[in-house]
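Heads up, the chain below is alone and in the form predicted alone; it's given as structure tokens.
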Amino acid sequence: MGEGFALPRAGTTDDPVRLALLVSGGGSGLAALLRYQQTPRCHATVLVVADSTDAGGLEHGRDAGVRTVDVPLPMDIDKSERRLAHERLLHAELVAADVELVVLSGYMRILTPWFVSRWEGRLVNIHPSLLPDFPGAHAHRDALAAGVSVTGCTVHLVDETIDSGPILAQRRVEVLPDDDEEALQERVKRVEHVLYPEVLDRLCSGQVSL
């Protein structure tokens, strides 16, 4: 797949890989994963981080008894330094919680090379298309505009380029004739909520090799 990716160790139910879930919005994927982890797995969420104080996903973490923090963009410093300062705060939270794998779940910020280089191989994302088709923030809109009959979702390791890291798994979803963005998004989300935990099982049990 690629070089320079240091994958997480193989966990067990007695010693699970410690996950941080990063969210920006309502956190439906986070909620699905937390439900999945109610049965002991080889991974466990120990930290939920949102990039705003009002992200709905924060409530899912609190309800599950997981340490939950918001790390908003620091607006009191120069704009040119804000992004990196934000990532340094985020990185500090991850290190303090002894996080071993960072899981992006609807996290809408583009990460800088500084952050990616520190977590490469231990930084995973799910994208709502069959990559390399339709990267970026408007995958459903772009799929509908292209008139494709099949889309889906992709779990991939994150590198320094947007939506281009090594692919771990994909699952297809049919595009229906009467689909709009909202309908397609909801159907893809249901598939994402099944696929992501399955891939995390493989990644955190040592079944993925590069």
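Quick note: we count residues from 1 along the sequence shown, nothing fancier. Computed from a prediction, not measured in an experiment: that's the story for all the values here.
Absent from the display: the form predicted in complex with ligand GAR. The rest refers to it.
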Seminar exercise, completed: Interface check vs ligand GAR in the predicted bound form: of Gly136, Pro132, Pro113, Pro72, the one with a heavy atom inside 4.5 Å is Gly136
For this session: Work out which of the listed stretches, 23-31, 42-50, 61-69, 171-179, brings a heavy atom within 4.5 angstroms of ligand GAR in the predicted bound form.
Result: 23-31
Exercise. Does ligand GAR come within 4.5 Å of any heavy atom of Ala92 in the predicted bound form?
Worked result: no
Exercise. Would Asp163 show up as a contact with ligand GAR in the predicted bound form if we use heavy atoms at 4.5 Å?
Worked result: yes
Problem set entry | 4.5 Å heavy atom contact, Gly121 to ligand GAR in the predicted bound form | no
Exercise. Would His86 count as a contact of ligand GAR in the predicted bound form, using a 4.5 angstroms cut-off between non-hydrogen atoms?
Worked result: no
Exercise. Taking Gly106, Lys189 and Glu192 as a possible spot, do all three reach ligand GAR in the predicted bound form with a heavy atom inside 4.5 Å?
Worked result: yes
